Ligand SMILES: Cc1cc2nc3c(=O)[nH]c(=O)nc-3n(C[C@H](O)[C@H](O)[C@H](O)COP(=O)(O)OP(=O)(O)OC[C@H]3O[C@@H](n4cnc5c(N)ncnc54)[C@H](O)[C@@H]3O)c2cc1C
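Here's a solo chain for you in structure tokens, the form predicted alone.
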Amino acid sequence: MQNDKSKFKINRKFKKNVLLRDYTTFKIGGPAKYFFEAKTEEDLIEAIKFVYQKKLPFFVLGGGSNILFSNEGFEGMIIRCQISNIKCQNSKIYTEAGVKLSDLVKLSSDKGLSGLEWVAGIPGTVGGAIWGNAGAFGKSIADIIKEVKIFNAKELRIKNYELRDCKFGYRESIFKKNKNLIILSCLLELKKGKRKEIRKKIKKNIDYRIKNHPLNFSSAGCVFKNYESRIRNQGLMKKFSELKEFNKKREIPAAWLIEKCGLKGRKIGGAQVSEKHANFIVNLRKASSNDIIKLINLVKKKVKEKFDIKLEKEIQII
């Protein structure tokens, strides 16, 4: 499956017992048994081949947002994707999976390309954004994807996926459903715009996040997906006038549901449902992964009891 040279390369570079809390925005997580930083596409592919040969559990880590690692750690290999080549040609941007979203936004702004303004202020990397079809302000990464280059770990071959192949949905993609499809890079197609207007939109979006999100605490971003359906319970419709408008859009914000359950500020251990934005759970003071999970389960239970809605997690629990 792989030659002696690549075996030596991987063995020489991976580390042992690396604390995962240092690589996530939640600042939570025990030691990974093995930890490897892939700085090139070749590194990433060889690392995947290595873990398959050794039959090791593995997880490809990007910027560490939208994820909760256990305090028990990870009994396998964490492969941190740091492949970060990026280039622009006309209205298209080629970007590898490890590129920071902040760098992607800056490049598009500098080149006068519009379509990524909504990304401003979102932590993480391009690979993670594609994997979960990241979005905000009614936009998503799927809107600008032209092509995604992947490594199929099961078939041991590289393949290009066009937009329709990616099966994007609300915070969903084929990559999220198939662990064997490792994102290497993508081609984005943007539109020419005026730099001044683009930067104005970027500032507006960053200002919104500063005002409305609990950025002064460690978190994984929004914990739950918004509920994509209507509420037909007439009692609830009479009690909460906002539901009429939400029903028109067929989307009810998770933050609104959580807040109406009186859960803003609720604490378990070192974790808290944010007082600023109810769909954020923040790490107040050395929260454990169990504190976060208990709070997630409490939120789900209360929303189910009050609205008969089963909230779905947006974050991954590893």
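Being a predicted model, the structure only gives us computed values, none of them experimental. One-based numbering along the sequence shown.
In what follows, reference is made to the form predicted in complex with the named molecule, a form of this protein that is not presented.
**Q** Give a yes or no for L190: in the model of the complex, does one of its heavy atoms lie within 4.5 Å of a heavy atom belonging to the named molecule?
**A** L190: no contact with the named molecule in the model of the complex.
**Q** May I ask you to check whether F280 falls inside a 4.5 Å heavy atom distance of the named molecule in the model of the complex?
**A** Residue-level check for F280: yes, a contact with the named molecule.
**Q** Any of the heavy atoms of A38 lying within 4.5 Å of the named molecule in the model of the complex?
**A** Because no heavy atom of A38 falls inside 4.5 Å of the named molecule in the model of the complex, the answer is no.
**Q** Just checking whether W131 would be counted as a contact of the named molecule in the model of the complex - the rule being heavy atoms within 4.5 angstroms.
**A** Although the named molecule is absent here, W131 would touch it in the model of the complex, with heavy atoms inside 4.5 Å.
**Q** In the model of the complex, which of 227-235, 161-169, 192-200, 177-185 comes within 4.5 Å of the named molecule (heavy atoms)?
**A** Of the options given, it is 177-185.
**Q** Please identify the residue among L101, I78, L116, I93 with any heavy atom within 4.5 Å of the named molecule in the model of the complex.
**A** None of the others qualify; the residue that does is L101.
**Q** Only one of V60, I28, A254, A271 gets a heavy atom within 4.5 Å of the named molecule in the model of the complex. Which one?
**A** Exactly one residue meets the criterion: V60.
**Q** Is every one of A97, L215 and A220 within 4.5 Å of the named molecule in the model of the complex, counting heavy atoms?
**A** Per the other structure, all of A97, L215 and A220 touch the named molecule.
**Q** Which residues within 304-318 place at least one heavy atom within 4.5 Å of the named molecule in the model of the complex?
**A** Heavy-atom contacts to the named molecule in the model of the complex: E314, Q316.
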